[in-house]
Every structure is written in C-alpha cells, then in structure tokens.
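The data below hold one chain only, encoded as structure tokens and taken in the form predicted on its own.
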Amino acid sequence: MSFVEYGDTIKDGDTAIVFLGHESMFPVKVQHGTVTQTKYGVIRHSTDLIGKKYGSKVTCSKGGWVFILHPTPELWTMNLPHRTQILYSTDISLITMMLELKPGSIVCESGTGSGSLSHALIRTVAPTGHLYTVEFHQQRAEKAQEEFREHGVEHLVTVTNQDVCKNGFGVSNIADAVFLDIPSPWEAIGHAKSALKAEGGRICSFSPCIEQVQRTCLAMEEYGFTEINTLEILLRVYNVRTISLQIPDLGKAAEDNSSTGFDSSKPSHQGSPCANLQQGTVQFKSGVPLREVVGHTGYLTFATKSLM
C-alpha cells in the first residue's frame, strides 16, 4: 500500500479508510488477528479485510456494513490524527497550483505539523520529485517520519528536526518551491531564497493574522521577491434540496370589472388562465447554503524569486 501508488488488495500492515458515510469515516491500520469496533459491529481484519479488494463492502458482526477505501491525501486530511492545526483541501489545491508543482518538482516545507499538506505535496511531485520538510518539534518530526514510512512514501520525503528560522532547510539552490507555515515566516525568507534554485522559483507563506502577512511581504520585498500577492479562500457549500413554495392567489381576471374601467357589455375573461388558477404548492430542486459556513482559516501569500 502506498499513498501515491494504487494497490488492488488489502494487505497486512496497510492503512485503510473505514467509510461509514460521508460524515463518518476513520483510518485503521490493518493487522492480522486484530478487530475494529464500529457502530455496526466488529470488523475482523484477518477474515474481513486482508485479501479483499479496496472498495469492498464489508458486513460487520451486527449485520450492518461499511466500505473499505484505499487511502488518498484527501481522505487522510479528513481523518488524520491532529497534532497541530492543519491545512484542508481548499487551501491545498490552490497552493499546489500557484507553486506550479508537477511530477519531478523539488519542494521545501516548514513546518511539517500533522502532515496534511505534506502528503498532498508528495503525491503531486511523485514519482521523481522530492519533499524536504522541516519540523521544529522533535516528537512531531519523529511521528511524521513514522507515518511516511507506514504510508510507503519515505523514499520521496526527507524529514529534518531543526529551527528553520535559524538553520534553514539544509539544502541550497535546488528547490522549485518553498512553503512556510510557521509563526514568524519573515525570519525564514532569507533561508527560503537560499533553498530555491538559482534560476528562480516560487514561495508561499500561510499565516492566520494580517499582521504576520504584512511583515512577511516586507521581508519578501527586502530579499528581492517579485509578484507578491496575498489571497484568502472562503468556501461556501450548498445542499441540493426539494423546496415547496405556495402558489400565489392572483384572483380572477374578470373580477371587479367596474373598478378597472372594463365595459360590462364586452365578453367575460373567465376563460383566461388566471381565472382558473387554484391556490396550492409547487415543488422544485434548489441549492440551499449550509447554516454554518466555514470562515477565515488563513492568508496565502505567494511570490516569485527574482532572476536579478
């Protein structure tokens, strides 16, 4: 099993996603002799999972059923254990596009955190690219390295435990892109410039506060970065529902002719559609926004290393 290469069957040691519904899923490490409890009953790894195909419908001990899905960076983002605040697919998709990443790209990242963005970056640059990720916190760095090994992507990533603001990324003039998600990104702009390839490259900084953005932009200008711009993504989700609306009672067209100036000697308008319209309801499909909308997450500041 690998997060960047699809495997057909579930094997001992794999990480799989137990899918109970769109709002209910969780990861599980498949191990021979182990059982997993769900609200639909027990899943026995030896008989219910190992050897079965990903996407299979598995019946639990109480008669309910679940689907077993192959892990992807998107599913991992929704189910990973949170060691820090994470980036979600809305921001991740823009980051990978604006940094112009592709298979074979070299990327530097700090900090690693819970590894949400890291998995997406690895999948984007695979199979010939590489991710150099730096994490200040030792336990988080060790846990991230363990997860990369379990997920079959350790050959595509190098994890370093150090302070990027003081010691940089440990590489020079090789990166196509740099991503910063740290409290004081302006202190790491110089190291980011050193890590980027000599002929240019892109940088992105994620910050929740506009004051951080201001200081980062000033540092980018100081180090000669160009095309500096800051974006914020606000996602609004709609649910498709059946709506019932009451048909308005428009009355009869021929009613009260005297008040409208009609000649009573003229033919009646009772045959018109309005005259026979009966009050009732009509149903139709409509998009309804969620009552709770995800608000501000952070600002994304992008810039390009100057060739001068």
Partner chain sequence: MLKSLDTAWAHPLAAENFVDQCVEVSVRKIIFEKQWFYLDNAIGHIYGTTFEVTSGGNLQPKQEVEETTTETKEAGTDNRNIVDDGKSQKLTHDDIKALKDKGIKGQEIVQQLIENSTTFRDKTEFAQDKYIKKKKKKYEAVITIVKPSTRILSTMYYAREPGKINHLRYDTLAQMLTLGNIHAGNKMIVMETCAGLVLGAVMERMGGYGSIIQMYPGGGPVRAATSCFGFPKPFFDNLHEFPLSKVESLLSGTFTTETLPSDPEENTLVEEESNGLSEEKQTSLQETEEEPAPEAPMEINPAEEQDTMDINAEDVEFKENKEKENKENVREKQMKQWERRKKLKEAAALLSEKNADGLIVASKFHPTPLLLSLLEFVAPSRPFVVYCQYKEPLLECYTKLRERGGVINLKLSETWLRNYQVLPDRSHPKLTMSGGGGYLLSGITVILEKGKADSSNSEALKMEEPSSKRCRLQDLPC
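Residue numbers count along the first chain shown, from 1. Being a predicted model, the structure only gives us computed values, none of them experimental.
There is another form of the same protein, the form predicted in complex with the partner chain; it is not shown, and what comes next is about it.
You can rule out all but one of 91-99, 108-116, 132-140, 155-163: in the predicted bound form, only 91-99 has residues with a heavy atom within 4.5 Å of the partner chain. By the criterion of a heavy atom within 4.5 Å, residue 47 is excluded from the residues contacting the partner chain in the predicted bound form. Not displayed here, the partner chain is kept clear of residue 149 by more than 4.5 Å at the level of heavy atoms in the predicted bound form. Within this chain, residue 126 lines the site of the partner chain in the predicted bound form, having a heavy atom no more than 4.5 Å away.
In the predicted bound form, the partner chain lies farther than 4.5 Å from every heavy atom of residue 84.
Applying a 4.5 Å heavy atom cutoff to the partner chain in the predicted bound form picks out 40, 53, 54 from 26-54, in order along the sequence.
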